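Quick setup: one chain, the form predicted alone, written in C-alpha cells, and binding and motion questions come after.
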Amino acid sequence: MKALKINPIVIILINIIAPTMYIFISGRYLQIYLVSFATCLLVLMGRFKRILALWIVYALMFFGYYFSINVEGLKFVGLFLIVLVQAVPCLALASILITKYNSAQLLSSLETLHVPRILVVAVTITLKYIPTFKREFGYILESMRLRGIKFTWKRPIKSFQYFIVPQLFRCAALAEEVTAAGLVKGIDAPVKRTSFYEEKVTALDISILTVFAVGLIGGFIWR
C-alpha cells in the first residue's frame, strides 16, 4: 500500500486538541480511541516501525502502572505513569513532524493558518531542533568516552554537568547559526514568502480531521 501524504497541519491540530479532551471525556475511552486513531493514521503514512514502538512503549508503561500501583510506596510511580501514558499516542504522531517533514514544508503549511510569522518560525525551529539536540547529545557522549569520563549515580550532579554545560554552549552557538541562516533566506522579509513546497489542505486531510472529531464526539455520548 502506498503511503499517503498528510498535511503537517493535521498532525499539529490533533496534538493540540487531543490532550485538552481529557478534561471533558472519559480517560479510558480517550486512551483507547487515541491509540487506535494514531495506529490507523501511522498505517496510512506507512510508519510501521513507529507503530511497533508506540505499542511497545504503551504496553511497558501499562505494565509498570499495574505493577507499581499495587505496591505500597510505589503508588506515586503508578500515578505518574498513567498520566504519562496518555501522551504516548500524541508523542508518536508528533515525532512524525520531526522525521518526515523538513523545515520548508513545516513553514509552508503553518503559513496557511495566517498566524504571526514569529510564531511560525518559533514552532518550526523548535520542532527541527529536537533531532539536532539528539545529535549533539551523541557528540557529548562520544567526547566523554574519549576522555574516560563516565556517568555515575554516586555523583549525579557532577555527572549531569558533563552533559548540560556543553549542551548549553552548543545551544548558544546553534542559535546564532540558525538566526544567520534564516536571515540569509529572507525570513524577516516583509513580503509574502514563496516556497517550493505547496502544503495545501486536501480532501484527505479534511476526512482525517472529520473522523477524529466524530471519535471525540463519541466520547461525550459513550459514558
Partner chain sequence: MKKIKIKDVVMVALLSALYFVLYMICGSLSMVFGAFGHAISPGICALITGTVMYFVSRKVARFGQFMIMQAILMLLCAIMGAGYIPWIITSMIGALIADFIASRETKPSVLKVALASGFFHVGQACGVFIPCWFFLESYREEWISRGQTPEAMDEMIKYTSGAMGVIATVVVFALSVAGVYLGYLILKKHLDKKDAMAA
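Residue numbers count along the first chain shown, from 1. So that the term is clear: the rigid core is the largest set of C-alpha atoms that superpose within 1.5 Å between two forms. These figures come from a predicted structure and were not determined experimentally.
There is also a form predicted in complex with the partner chain; it is not shown, and the following applies to it.
The contact residue chosen from 60, 168, 40, 53 relative to the partner chain in the predicted complex is 168, the criterion being a non-hydrogen atom within 4.5 angstroms.
Although the partner is absent from this view, residue 65 contacts the partner chain in the predicted complex, with a non-hydrogen atom inside 4.5 angstroms. Within this chain, residue 212 is remote from the site of the partner chain in the predicted complex, having no heavy atom within 4.5 Å. Using a 4.5 angstroms limit between non-hydrogen atoms, residue 70 touches the partner chain in the predicted complex. Of the heavy atoms in residue 160, some are within 4.5 Å of the partner chain in the predicted complex. Of the residues in 48 to 84, those that come within 4.5 Å of the partner chain in the predicted complex through at least one heavy atom are, in sequence order, 62, 65, 66, 69, 70, 75, 76, 79, 80, 82, 83.
Once the cores line up, the CA of residue 64 ends up less than 2 angstroms apart between this form and the one not shown.
Core-superposed comparison between this form and the one not shown: the C-alpha position of residue 168 differs by no less than 2 Å.
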